[in-house]
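Listed next as structure tokens is one chain, alone, in the form predicted on its own.
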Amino acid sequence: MLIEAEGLSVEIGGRPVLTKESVRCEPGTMTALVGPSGSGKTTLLHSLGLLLPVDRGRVLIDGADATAYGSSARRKFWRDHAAFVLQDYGIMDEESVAFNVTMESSVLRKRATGDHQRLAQVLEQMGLAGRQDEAASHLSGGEKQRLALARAVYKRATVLFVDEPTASLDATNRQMVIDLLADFAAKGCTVIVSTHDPEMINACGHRHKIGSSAPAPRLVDQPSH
């Protein structure tokens, strides 16, 4: 899906957070929303994902104005197309890994339901094979990040909104998450990432610097001395 913002402005508590932001996020591409801390990266991400209302401008989804969507239309977009990987991972620690992926359970939530074959395939892809019955609280931070991505893969989301996915990860998990997001895009998904991580930014095909109509420059690895 093509996700766009045209002249987007947002105020929170009477304070301007975004001013006339325009960005185009295409299918099959990772788009990085970049800027210093407090610049409004997360606000723009949430606005594009229809989680946050805007004061001026428009959000377009496949060319259609989604800014004035009612609650039913927004829920349909979230249910049928979008997946969110936010900074707190959105993981329910007391639930099983399987339930956190499928979000389906039997009566009284005694066991996770859904497509168990697809669940097993997704967990293997995310490096969590055989852990479906474990409580999510047993997972490390990097594993929870991959669990959140597993939910998006299982859902077959066409648009992925990701907030600071590598902020607290070690080098191994950081690269794994970057590779997984790149795989999403390679399969035609629209991936939109709010990040300040140079490695994550460099992996993205497009970059939008908050407060500028021009894309942020591509980072180049510096030679070691």
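These figures come from a predicted structure and were not determined experimentally. Each residue number is its position in the shown sequence, starting from 1.
Not on display, but discussed next: the form predicted in complex with a small molecule.
Of the residues T29, S39, T67, N173, just one reaches the small molecule in the predicted bound form with a heavy atom at 4.5 Å or closer; this is S39. For a residue to qualify, one of its non-hydrogen atoms must sit within 4.5 Å of the small molecule in the predicted bound form; none of E4, K20 and T190 qualifies. Remark: D197 does not count among the residues lining the small molecule in the predicted bound form, judged by a heavy atom distance of 4.5 Å or less. The shortest heavy atom separation between S140 and the small molecule in the predicted bound form exceeds 4.5 Å. Using a 4.5 Å cutoff between non-hydrogen atoms, Q87 counts as a contact of the small molecule in the predicted bound form.
Segments offered: 153-161, 29-37, 59-67, 174-182. Contacting the small molecule in the predicted bound form at heavy atom distances within 4.5 Å is 29-37.
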